[in-house]
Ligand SMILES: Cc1cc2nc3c(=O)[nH]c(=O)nc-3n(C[C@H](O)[C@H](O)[C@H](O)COP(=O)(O)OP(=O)(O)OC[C@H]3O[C@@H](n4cnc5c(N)ncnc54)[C@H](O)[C@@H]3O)c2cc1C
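As structure tokens, one chain now follows by itself in the form predicted alone.
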């Protein structure tokens, strides 16, 4: 039986970033994933400023920019009444965000983690935990038909919302009021695309939105995300709705008249950060989607996943130095993580609630159409989540609505 400082289950953005930060600190890390990389991951593929910040810390931003991606310099919105507002991001000349398929992004993160980790095993299925005296001390699993056991001082669950860790520990987010249902497909030759991500608040998608995220070579990631509770109560067929928007909606049918869908429509569940789960315990922490960290308004989860990988690594390094792997110690990870993201989650949850009222969405986007200040604040909040001070200020909204 092999022993490690840390076992990380799941090699997506959260698991790979956590592994990299721990390994750079000289810790002995075993990284496990059930897939073989590179692998596809259903996602909107939008990369925010928070993601860019952590990628810079990992030294991977320049490498990623040599891969297949498209820089994004702003956001285009549209309201239920059809008002379209393109907004250029203020500030730096450098792109504050970009669009990149998860097959590319995740492989760059994984290969970096694999290079740094003590050991990495792909196509490994975790089947159980090893527990002693109420503390997780290892994992059991299978690979290529053989059974293995590995032990560690800390277990990191980074295997997603439907992964083994959150389900086994009984903390997975199954609350339909705190989940979004998403569908997406890749298209070719969509008209009118530029260098901005597009979030369209079509009446039929509220409380949610229809997106178009441009990719290189005229491709686009196109999809819809709506609260699961709303989808079920209204009996919405998301795949059918996606087809109707792209072929019949007056704002989009011309843009899609020559477009060709190049993939099947794929669906998935997004566990929202509005459901604050207990993402720590004796000997373990949960990160990324396993910790239910998807932004409630934008549906973006990569930035929070990378951030959770970074913050968990900081706390785990302290725990290893102190030889303290208690639930109390790992509660520090929970506090530090939400200290970073909670304000943004609260703000964006309020924006999501606003989407229950189409007239308010029309009013805000209409004001943004006429006000440069409002346009820049909203765009900056989407592309740079750490800089959303105005969106948390009620006075700003009063001025926005009645100025």
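Numbering follows the first chain given and starts at 1. Being a predicted model, the structure only gives us computed values, none of them experimental.
Just so it is clear, the following notes concern the form predicted together with the ligand, a form of the same protein that is not shown.
### Task
Would you confirm whether the three residues 73, 177 and 228 all fall within 4.5 Å of the ligand in the model of the complex, going by non-hydrogen atoms?
Answer is no for this spot.
### Query
Among the candidate residues 367, 41, 334, 69, which is the single one with a non-hydrogen atom no more than 4.5 Å from the ligand in the model of the complex?
Answer to the contact question: 41.
### One residue of 102, 135, 200, 151 in contact with the ligand, assessed in the model of the complex (non-hydrogen atom, 4.5 angstroms)
The option sitting close enough to the partner is 102.
### Query
Can residue 129 be called a contact residue for the ligand in the model of the complex at 4.5 Å between heavy atoms?
It does not: once the ligand is placed as it appears in the model of the complex, residue 129 has no heavy atom within 4.5 Å of it.
### Query
Taking the shortest heavy atom distance, is residue 22 within 4.5 Å of the ligand in the model of the complex?
Outside the cut-off, so no.
### Message
With the partner left out here, check for me: in the model of the complex, does some heavy atom of residue 18 sit within 4.5 Å of the ligand?
### Response
Output for residue 18 is no: heavy atoms all beyond 4.5 Å of the ligand.
### Task
Tell me, yes or no, whether residue 269 is in contact with the ligand in the model of the complex, where a contact means a heavy atom of each within 4.5 Å.
Result yes; residue 269 sits at the interface with the ligand in the model of the complex.
### Message
Just to confirm the contact call: exactly one of 200-208, 284-292, 324-332, 239-247 touches the ligand in the model of the complex at a 4.5 Å heavy atom cutoff, so which is it?
### Response
Among the candidates, contact is made by 284-292.
### Task
Using the arrangement in the model of the complex, list in sequence order the residues of 109-135 with any heavy atom within 4.5 angstroms of the ligand.
Read in sequence order, the residues that approach the ligand (within 4.5 Å, in the model of the complex) are 124, 125, 126.
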